[in-house]
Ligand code: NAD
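The form predicted on its own is given below as one chain in structure tokens.
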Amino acid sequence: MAVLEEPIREPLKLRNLIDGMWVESEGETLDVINPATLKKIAEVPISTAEEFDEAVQAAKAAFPDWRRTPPLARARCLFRLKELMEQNFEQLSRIQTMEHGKTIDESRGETRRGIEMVEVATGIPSLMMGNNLEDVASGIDEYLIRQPLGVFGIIGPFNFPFMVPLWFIPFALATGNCVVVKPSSEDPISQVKIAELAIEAGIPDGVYNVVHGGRTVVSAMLDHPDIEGICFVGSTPVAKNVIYPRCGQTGKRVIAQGGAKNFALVMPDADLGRSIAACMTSFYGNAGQRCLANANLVVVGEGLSDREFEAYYREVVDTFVGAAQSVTVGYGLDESVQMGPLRDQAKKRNVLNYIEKGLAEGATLRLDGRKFKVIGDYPEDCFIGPTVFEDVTPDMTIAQEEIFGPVAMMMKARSFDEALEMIHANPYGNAASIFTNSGKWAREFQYQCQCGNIGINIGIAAPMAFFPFSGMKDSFFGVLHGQGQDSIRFFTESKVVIQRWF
């Protein structure tokens, strides 16, 4: 077996970054485990509310000077951070694979996406510009300026530990705010490495803080009077029932991105080979642990006879299963591996429970991911292979709920309208894709589909950093989204000045 280059050789002891200093927490610690090897790679503290308050006070004290720092000077710090990320690109990517489990190519893609967030935020001198109009009345001019608010809390998810907090951090810093970041305690190392590079890039003490922890830190963040807003990405129950209402109660701005159950429609005129290839990365990339993963593949029989429709459905399913069977599973640092493990054993048990539910509800298990072969000599505790159910109906649990694992549901819709009704009947509205060569169906889909991110012959409808990461229904709670101009508006207040001079 090839020796794989692991940047973490000995377990790290992680600390909090408060006011430019790495300080040990008084809280208990948890082990961070590499899910592919089950080896301990770090210890992360579960910090106290008092330690979180120390970080907020440091950020609050740093805010006046950072706000007065010219936008161009703030941008230069981000330029340096971007360059340092480029210099450490491969190490940052390999750390993600070790702490999360995704393949090295997926980690490289995540690193690139994160760097792009910083790159877009460097344009803050233009992005933050207001507007004006003279002579709104006789001798009176009016103009709008955007001003930062103060300290923001960032709560990161486990599935993209490097990239997702960067949907928010660079934009918050560029606009003149300070941040306290709470990484996922499951894979917090990436955020520690970013913070180390931020210090090296010259971001002043107190502007960028990192506090590890769990519910205690989140609760303290939600209730703290000096936190102006919260950015959260995680499950819908937490976003809907905890983050969003608590921010409403305390008057905080909020971006709360929740879960998903994404549909992919395959129309009769689709380029089947290219469509299924796109579906492989969408359904099984990141082991299905992504809010943009497609889960329900709907074969649409618009314009086909019953016999033609059944033949087409069979062709799509057989092609999909054939491609899924060829996906290699193993340790993500192996360049030949196409899918890594789930993040931990509990997440695997959750997926296994959904497979059992699907069988109990009458779906046909066409490809059983419980029977697979791991490349290399690694424990199988967190691994599961690509799984395919067919004969799935919209009322089944596996068709309705987010599984967050490599499980694909094959479904039928006699018409385009029926397929659209399936999407709209589901409570989620994060993303949806259509595969077709018809401009008519593509336009109807983007016009009517009640989802925030739409893919047309695209399996993963992931917006670039200069567009907002959208979401609708139970997939998003708030008004403004992360990334792009939405992010600039979220992290600033619009102040309107009306002036007359005598």
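Numbering starts at 1 and follows the sequence shown. Predicted, not measured: the structure shown is a model, and the values here were computed from it.
The following text describes the form predicted in complex with nicotinamide-adenine-dinucleotide (NAD), which does not appear among the structures shown.
Of the stretches 176 to 184, 105 to 113, 311 to 319, 263 to 271, only 176 to 184 has residues with a heavy atom within 4.5 Å of nicotinamide-adenine-dinucleotide (NAD) in the predicted complex. The partner is absent here, but in the predicted complex a heavy atom of F404, alone among Y284, F416, Y331, F404, sits within 4.5 Å of nicotinamide-adenine-dinucleotide (NAD). Only one of the listed residues (Y143, Y378, F158, F372) places a non-hydrogen atom within 4.5 angstroms of nicotinamide-adenine-dinucleotide (NAD) in the predicted complex, and that residue is F158. Taking the partner from elsewhere, no residue among L297, G358 and F389 has a non-hydrogen atom within 4.5 angstroms of nicotinamide-adenine-dinucleotide (NAD) in the predicted complex.
Although the partner is absent here, S235 sits close enough that one of its heavy atoms falls within 4.5 Å of nicotinamide-adenine-dinucleotide (NAD) in the predicted complex.
Contact between W167 and nicotinamide-adenine-dinucleotide (NAD) in the predicted complex is found at the 4.5 Å heavy atom cutoff. Contact annotation: V218 falls within 4.5 Å of nicotinamide-adenine-dinucleotide (NAD) in the predicted complex, judged by heavy atom distances. Under a 4.5 angstroms non-hydrogen atom cutoff, nicotinamide-adenine-dinucleotide (NAD) in the predicted complex lacks S433 among its neighbouring residues. Residues V242, Q257, G258, G259, A260 are the members of 242 to 274 with a non-hydrogen atom no more than 4.5 angstroms from nicotinamide-adenine-dinucleotide (NAD) in the predicted complex.
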